[in-house]
Structures are given as C-alpha cells and as structure tokens.
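Before any questions on binding or motion, here is one chain by itself as structure tokens, the form predicted on its own.
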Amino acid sequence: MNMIDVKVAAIKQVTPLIKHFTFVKEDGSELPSFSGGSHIVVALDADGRTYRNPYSLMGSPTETDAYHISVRRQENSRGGSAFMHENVSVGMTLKITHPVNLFTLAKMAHKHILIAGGIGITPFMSQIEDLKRLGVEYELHYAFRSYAQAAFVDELKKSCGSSLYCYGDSDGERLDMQGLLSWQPLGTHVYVCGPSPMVVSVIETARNLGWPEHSIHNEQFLSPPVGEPFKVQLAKSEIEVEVPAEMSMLEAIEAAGVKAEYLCRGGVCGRCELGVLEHDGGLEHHDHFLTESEKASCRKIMPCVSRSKGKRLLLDL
C-alpha cells in the first residue's frame, strides 16, 4: 500500500485522555481529498516493531492542506495509542495511508441521525461539514461519561447549533434510543460510532423497529486483543510465522515480510480476509464482517483482529 510522508504540525491536549494531531504533507503540497467518514492508517515504528492504527479524519473535507485526527489513550494499549501520546512530537515525520471511506453518508437520505459515544465522535466531525455544505437535515446525538471528559463539545455547539444533543452520563442524562428512532420520517438513515454496547443497541433497536438494513450504518474499529501465542503456516508463501501474545496475526505476517491486504485493520472492512485450510483448536473471531455461520464454519478469518484458539493454523496466503 502506497504511503504518504507527513509531518506533525501541531498537537493539542483536548481532554486528559485525548490528543488532537495535525498532519501536513512533508513536501508542503496538498494532501489527497477525502469525504466525511474517511479514515487513514498511521504507521508507527517503535522499539523495532511497526504499529499500524486506523484513525478517522476530522475537519472539513474541502480543506486538504492538513489532516486532523484525535487519539484516545487506551487503558490497555498494546503500544500504539501510548506511543502517539508519549512519543509523537511536533516536527516528527510519520507515514500514513491514503484516505479510505467505510462509513459514507447515504447521498439519497432525506434526514441523517448521527449517534456518537465518546471518541466515536471523530468520524462525525467531517461528516457534519459535508452535511452542512449540502444543506441536508441532520441531528447529532453525542453521549459521554462526563462533560469534563467530552471532546469538542464547545466546537460542536458552534458548528451544529440546535442540531446537537448532548448526554452526560455523570449528570444523569440518557439517550432514549427507542424514542429517538421510533418517530423518524421515511427516508431517514442512522449512523453510530462508539463503544460496542452502544453500537449493538442502536443496530438492534433500529432493526426491531423495522428500519431497513440499508438505512443503518455503523463504524467500530477494534484493537487486536491480547491472547495466547500460536504459529501460523502460510501455504503459498511456504513459511511459518510465530504470533506473539501481544501482536495481531496481521502484524506478525507483515513483520515476516509477507504482503497482506488491509484497509481498516479493525475488523470492519473484510479486505484482509484469509482462507483457513487447517486449524487444531478452533478460531477466536473478533471482527464485525463475517456472518455467524461463516465464523462457525472456521473456514475464514480476519487476521487484523482474530486469533487461533489452538497452537497451529494453516492459511491460504
């Protein structure tokens, strides 16, 4: 995958756990265009290991002199978010991928309901700019633990005005999902990004209310979980790869010098899907792409977030 060399132009501490990063192209030229909901993957070289983490692009898609992302430091970080918070500084050069949009706005929708939880607000920051430019009706419902921990509330109030609805958990404010989705006009689309329970709740509520599948959109990049180490044999490449406990299968394959496809690295897009030829203990699926029947068959796996339950796995790669 072609990478872009960027320089860190600015860093801002937004909340105690969230930092905002501004990237500019190293040669000073314009960055590639993108649309609301797009993300990039940032490559981080740390202690002889390369982390590749996806982050939603923020800001206006019409302004490509700089890219903006926000990174929440994860409590159980495998190293990527911690590295961004502790080691990335202004002036440093990084490599990023070209933007990819797996969370696009439905162009024919009559109304858009955006639901964000915590750091899940980030993809909506660019979507809002697109919606405002197009003059389309929308509502942004933003839930968070407390106003002290909520990012960009003041900025959103100025940008969205009466279209913004905030819910602070510590203040006893709750988003009534059933009520919100029960009385929307025909042609409304709903979008959700945030913690897994929120994403699941929105999807299930919408389905139970009879919303058509094409009107329900979600994004939830997953961090590869820590697990037991195992070995992967690559049938076409004819090599064996050791997958450590704290490294994803995809990362281990890349570290071994084997080219593997990817777009999101978070179990969403399906681009990294590999065929499973043999396994000795079942598979540990963590993606949001495969169907339940596909997961049960143990014939496919998403190496970006999923793992082997056994000691050995033979893949069609």
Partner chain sequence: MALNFKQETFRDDYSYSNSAHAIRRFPFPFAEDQYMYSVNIEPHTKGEPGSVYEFPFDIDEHYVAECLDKEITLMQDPGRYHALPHMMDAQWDFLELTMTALANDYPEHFSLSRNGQTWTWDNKPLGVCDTFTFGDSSTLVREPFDYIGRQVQGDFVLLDQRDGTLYADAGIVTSQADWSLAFNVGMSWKEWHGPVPRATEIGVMDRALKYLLNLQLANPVRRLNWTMTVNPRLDTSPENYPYWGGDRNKVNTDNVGDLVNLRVELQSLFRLPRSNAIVFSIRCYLMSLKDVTSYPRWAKRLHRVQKTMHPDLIEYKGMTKFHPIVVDWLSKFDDGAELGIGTHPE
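Note that the structure is predicted; figures quoted are calculated from it, not measured. Numbering follows the first chain given and starts at 1.
From this point on, the text means the form predicted together with the partner chain, which you will not see here.
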item: Touches the partner chain in the model of the complex: residue 253 (any heavy atom, 4.5 Å); value: no
item: Touches the partner chain in the model of the complex: residue 270 (any heavy atom, 4.5 Å); value: yes
item: 4.5 angstroms heavy atom contact with the partner chain in the model of the complex for residue 123; value: no
item: Partner proximity in the model of the complex: residue 70 to the partner chain, non-hydrogen atom cutoff 4.5 Å; value: no
item: Selected contact from 163, 101, 220, 149, since only one has a non-hydrogen atom within 4.5 angstroms of the partner chain in the model of the complex; value: 101
item: Single option in 260, 44, 274, 263 placed near the partner chain in the model of the complex, where near means a heavy atom within 4.5 Å; value: 263
item: Among 45-53, 244-252, 279-287, 32-40, the region lying within 4.5 Å of the partner chain in the model of the complex by heavy atom distance; value: 32-40
item: Complete contact of 74, 132 and 158 with the partner chain in the model of the complex (any heavy atom, 4.5 Å); value: no
